[in-house]
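To begin, one chain is listed below as structure tokens, in the form predicted alone.
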Amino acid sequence: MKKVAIIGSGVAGLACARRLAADPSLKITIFDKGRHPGGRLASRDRDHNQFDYGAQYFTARSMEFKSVVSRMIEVGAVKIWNGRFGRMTSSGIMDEDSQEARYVGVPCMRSLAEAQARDLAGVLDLRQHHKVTEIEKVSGFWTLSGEMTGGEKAAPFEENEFDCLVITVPPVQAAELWRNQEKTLEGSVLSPCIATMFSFDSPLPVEYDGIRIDDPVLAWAARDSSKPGRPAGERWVLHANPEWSQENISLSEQETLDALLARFFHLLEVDAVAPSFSRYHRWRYALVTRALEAQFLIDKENEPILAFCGDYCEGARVEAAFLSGHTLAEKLLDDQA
């Protein structure tokens, strides 16, 4: 194993690259279609209407992930979100007490990924705006081809002679790249989630900063502006229930915004006020509702090496994605020893 390609610069892809970088002889390249690393650690931060519309926070339980979080705290890329959290049921809202620290990236969630990428500068070739559309074996190596989308006009690219390929994108997209693992990858399910973002001219009369909601429409509401390192203001992120998201994925943006905001005001018993800014994002593959119960997959029928990792392997947590990529890399390194 000399030349490794990783598809996806989310938490799993970066964790895999970070662990593989312990071997200085490896040449590691990450390809990702997005503008920024982080995957579902997604943030809108182009102006004062800043939001985390993907993962809302993360916890750290394993020694491996705690070590990374400690490093990110040292460089100022992560802080604890000391908000007030609640759980809403049909009986009302109750405080949701937890002994676990809730961490967020600073100044936005994807800062966790960007800081890790900076740590790997010089040993990792990170290529954003590179959408891989086809993989094939050529002369005993992997060849990747697709489109570079960062310029005014998309341009084709092709990279070859990789003797190890790691795919970290959601299982449906991974199966499209390599059909031989389609049945195995179908064992996991990622449900959709519609995320909406709202800014208001004055604070809403809501006592909580994050609310987990048992409701047919809404699943989560967060005062995003209460997170550390954020611009001043009153900004909320609402996540729709997965079933509602699935049934209403084709609604227009305005219809979706109106429906979720109205439901939020109704559930919180708050007088409706017009937002000063609103936006939405449709995540088609967002929440792990059924995992593979394996930290990673290695296609043992393949030579050269083909492997898969991501949160869908083990569970719906940021740390699960990290551990999937980290443990896969350890396995690959052990096999080469």
Ligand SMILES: Cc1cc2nc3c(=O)[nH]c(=O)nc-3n(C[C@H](O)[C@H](O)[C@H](O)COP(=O)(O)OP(=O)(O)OC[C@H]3O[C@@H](n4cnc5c(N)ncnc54)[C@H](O)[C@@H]3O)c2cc1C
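Please read these numbers as outputs of a predicted model, since none were measured by experiment. All residue numbers are counted from 1 along the displayed sequence.
Here the subject shifts to the form predicted together with the named molecule, a form of this protein not shown in this document.
Problem - Close approach of Gln50 to the named molecule in the predicted complex, 4.5 Å, heavy atom - result: The answer is no: Gln50 has no heavy atom within 4.5 Å of the named molecule.
Exercise for the section: Give a yes/no on whether Phe31 approaches the named molecule to within 4.5 Å in the predicted complex, heavy atoms considered. Expected result: Flag for Phe31 set to yes.
Exercise for the section: Determine whether any heavy atom of Arg110 comes within 4.5 Å of a heavy atom of the named molecule in the predicted complex, and answer yes or no. Expected result: No, Arg110 is distant from the partner.
Problem - the named molecule contact in the predicted complex: Val11, any heavy atom under 4.5 Å - result: Answer yes; at least one heavy atom of Val11 falls within 4.5 Å of the named molecule in the predicted complex.
Handout entry: the named molecule in the predicted complex: contacting segment from 66-74, 292-300, 50-58, 271-279, heavy atom within 4.5 Å
Key = Result of the contact check: 50-58.
Practice task
Could you tell me which one of Val132, Leu260, Ala221, Leu185 places a heavy atom within 4.5 Å of the named molecule in the predicted complex?
Solution key: By the 4.5 Å heavy-atom cutoff, the listed residue in contact is Val132.
Practice task
Heavy atoms within 4.5 Å of the named molecule in the predicted complex is the criterion; list the residues of 203-242 that meet it.
Solution key: Contacts from 203-242: just His239.
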